[in-house]
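For reference, the chain that follows is the form predicted alone, supplied as structure tokens.
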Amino acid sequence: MATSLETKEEPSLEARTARLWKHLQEALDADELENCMRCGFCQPACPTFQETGYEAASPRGRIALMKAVKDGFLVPDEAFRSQLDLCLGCRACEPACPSGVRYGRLLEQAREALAAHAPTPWPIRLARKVVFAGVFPHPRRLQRLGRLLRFYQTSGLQRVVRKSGLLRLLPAHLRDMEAVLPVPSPRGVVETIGTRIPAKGAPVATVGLFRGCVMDVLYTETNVNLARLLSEAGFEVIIPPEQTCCGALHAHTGDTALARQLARRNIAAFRRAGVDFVVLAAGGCGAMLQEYAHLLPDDEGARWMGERVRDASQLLASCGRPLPLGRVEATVTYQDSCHLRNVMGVHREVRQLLSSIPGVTFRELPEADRCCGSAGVYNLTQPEMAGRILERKMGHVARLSPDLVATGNPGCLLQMQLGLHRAGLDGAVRAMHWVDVVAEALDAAPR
């Protein structure tokens, strides 16, 4: 297994490469590779091509590399892997493609083969085994980890560690991340508000709230606010306690077997709840839930799930009762979540909600549809490219000079907080989840 820490009887590099080559040739979808017309319409949408100008760092170039491997003309060597690793997986190329090439699926197929056969440094194997397999699928373990982080941040230990200089042992990007991590809540959303929140007034529909894993620990208050907004708009909210991590990080790093296990647990939890919609405010998780049918093609429950998944902005903007919003005097801009925009096709609704708040002046962020560099764990595994992309983003923010940057995904929110910190703007510009901005307006409404 790719996540194994065993080092005994390691096959030779030649043997691993041969196995990887065979796996790639069997796994890569020939029709999808053939669908690429080589037109290059994808290139302006690709952040890594925009930063490097290299053909191999574009979707068209990466598809050409995959096809050469599939056809037996190219050995899947380290250079091949590095170009696939450099891809953010933002899927901005898919809406831009006139042939409808599903690039994300090709990338997933290639990464699964690479995870199974290509040599992986032991720290990454250890992190995947401990964090991806040992923590993310287990909400209670994740909450315990959150409480440890909270103790570190609030007990004075963080101040002592910073003064000691120990943080200088960490790479710069991890030191920056340590500086902007929010203080986790001691309890998740279920422990805070329970598993059932009635609708205000006559119910419009019953929704199942997907709480997420990182979202539920670092941004619990956002989930609490989301339940309040849904209830106010007329939705009865059920939060199935048996749900788990969506599996996106696992699928995107090649561990599709564990991603399938997590998908089955979530499908069972929400089907038992008998909800009309599965709702959330995390673009990365939403895209994953919507694509469970791709992950489990023969599972009727996966189709059931995919048909019901909605970003919260979709329900609040068009299905629920209008929210009574008070004034929030602020200039607000919005950074799209890549998977929310490029996979779920949601980009107007959040802008509509933010613009409807009395007192808000909404200004469009240049290149808001371009990835911020977060991309799951990309900002940790590819810090140099992630930093370049984020610096460009912060240049746009500085020129626009808003009071507030809103976004719709916990990873994007953390990345925007990191960018503001690096740019020296964290005192002047706030980064917030759009749910919290709308909740602030709800609290400001006259009662």
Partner chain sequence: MGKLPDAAKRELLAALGADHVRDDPEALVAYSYDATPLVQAMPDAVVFPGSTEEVAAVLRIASRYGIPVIPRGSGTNLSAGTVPVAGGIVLVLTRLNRILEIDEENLTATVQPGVITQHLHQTVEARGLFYPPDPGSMRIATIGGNIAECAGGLRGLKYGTTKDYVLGLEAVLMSGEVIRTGGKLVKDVAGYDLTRLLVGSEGTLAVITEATLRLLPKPEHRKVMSALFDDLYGAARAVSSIIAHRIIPCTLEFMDRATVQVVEDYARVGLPTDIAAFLLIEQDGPEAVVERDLQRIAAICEACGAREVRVAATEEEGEALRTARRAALSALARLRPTTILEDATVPRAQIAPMVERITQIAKKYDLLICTFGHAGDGNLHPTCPTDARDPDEIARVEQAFEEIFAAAIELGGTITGEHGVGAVKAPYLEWKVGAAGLEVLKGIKRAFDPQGLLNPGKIFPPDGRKRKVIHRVPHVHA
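Numbering follows the first chain given and starts at 1. The structure presented is a predicted model; accordingly, all values stated were derived computationally and were not measured.
Not on display, but discussed next: the form predicted in complex with the partner chain.
- Not one of Ile197, Tyr219 and Glu242 places a heavy atom within 4.5 Å of the partner chain in the predicted complex.
- The partner is absent here; in the predicted complex, the one residue of Pro98, Gly156, Gly274, Pro324 having a heavy atom within 4.5 Å of the partner chain is Pro98.
- This chain lacks the partner; the member of Glu391, Glu384, Glu34, Glu26 within 4.5 angstroms of the partner chain in the predicted complex by a non-hydrogen atom is Glu34.
- Gly395 falls outside the set of residues with a heavy atom inside 4.5 Å of the partner chain in the predicted complex.
- Taking the partner from elsewhere, Leu126 is found to have every heavy atom lying beyond 4.5 Å of the partner chain in the predicted complex.
- Taking the partner from elsewhere, Gly201 is found to have every heavy atom lying beyond 4.5 Å of the partner chain in the predicted complex.
- Among residues of the shown chain, Leu65 is one whose heavy atoms approach the partner chain to within 4.5 Å in the predicted complex.
- Note that among 46 to 54, 417 to 425, 404 to 412, 374 to 382, the stretch whose heavy atoms approach the partner chain to within 4.5 Å in the predicted complex is 46 to 54.
- In the predicted complex, the residues of 11 to 42 lying within 4.5 Å of the partner chain by at least one heavy atom are, in order, Ala30, Asp31, Glu34, Asn35, Met37, Arg38, Cys39, Gly40, Phe41.
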